[in-house]
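Here you get one chain, nothing else, as C-alpha cells; it is the form predicted on its own.
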C-alpha cells in the first residue's frame, strides 16, 4: 500500500516547501481553505514528478478535519501529518486565532491519530512566540480544557487575551497563547500516542520569508536583531527541517519542540546582542 503525507496549510510557504521534500517517496495531500490556491500548488508538485492531491479543510472544524483524514485514507496509509495551518495576529481576532491554531491542533492530532498505524508521525507547527509568554500567564490546567470543554477553553483565553489595550496586542497575546498551547499539546500527544507507535513533535519557527511572515515583520521584526545571521528564515530551510523531524528514521525524537528561529530566542535569553 502506498504511503501518504498530509500537509495542512500546504498551499504555499513552508507547507509547500516541505511537500517537495516529503513527496520524493510518498503521495502528498495538500489542504487549506482555498481550492484554487491548492490546485496551483498541486500543479507545481506534479510538474516536479510528485503525486499530489488537493483537499479543502477548515482546521477549526472537527468535521472538516475528519473528512480530510478520510480522504487521505482513500489514497493509502497515512504515514506523516504536517499541521502547518494557522493564522497570525494580523489575520484574525483572538477567538478565531485560538480556534484555528489551538483547537485546530487538537482536531488534527486526534482525528489523524485514530486513522494512523504504528510508525506514523505528526508534526505540529508552533512559533517562537510560544516562548515569549511570562510564566505566570501559562496555565496547563486551563490548556487541558481543550480536551474536556472546548468552549470554556476558548472563553478563558479570550478573556486573558483582551488584557492589552490595542487590537494587535490582543491578537498577539492570543497568538502566543495558541502557540504555547501547541507545544504543550504536541508533547501530551507524544506520551499518549506513543503507546500506538505514533510519534509526535512540534516545531517553532521564527520569522520566515513568506506572505504571512512579511505581514508580521513590522511588529515582530524586532526579534531579527537577535538572530545569528540577522535575517528572516527561508521557506526551503524550514521545509527541510520539518521533513527531517517527520522522517521515520528519527524514531526516538518525540515529545519535544524544535526551535527554528535563527537563534533569536536563545540569544535574547542569554543577552547576546550583535
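Numbering follows the first chain given and starts at 1. Bear in mind the structure is a predicted one, so any value in this text is a computation, not a measurement.
Unshown form predicted together with a small molecule; subsequent notes refer to it.
Trainee: Within 4.5 Å of the small molecule in the model of the complex, counting heavy atoms only, one of 223 to 231, 39 to 47, 244 to 252, 54 to 62 shows up; tell me which.
Mentor: Among the candidates, contact is made by 54 to 62.
Trainee: Of 123, 78, 183, 100, which residue is found within 4.5 angstroms of the small molecule in the model of the complex when only non-hydrogen atoms are counted?
Mentor: Checking each option against the small molecule in the model of the complex, the one that comes within 4.5 Å is 100.
Trainee: Can any non-hydrogen atom of residue 84 be found within 4.5 angstroms of the small molecule in the model of the complex?
Mentor: Yes - in the model of the complex, heavy atoms of residue 84 and the small molecule come within 4.5 Å of each other.
Trainee: Indicate whether residue 12 is a 4.5 Å heavy atom neighbour of the small molecule in the model of the complex.
Mentor: Yes, residue 12 sits close enough to the small molecule in the model of the complex that at least one of its heavy atoms falls within 4.5 Å.
Trainee: Residue 69 versus the small molecule, in the model of the complex: is there a non-hydrogen atom within 4.5 Å?
Mentor: It does not: once the small molecule is placed as it appears in the model of the complex, residue 69 has no heavy atom within 4.5 Å of it.
Trainee: Looking at the partner-bound form in the model of the complex, is residue 91 within 4.5 Å of the small molecule by any heavy atom?
Mentor: Residue-level check for residue 91: yes, a contact with the small molecule.
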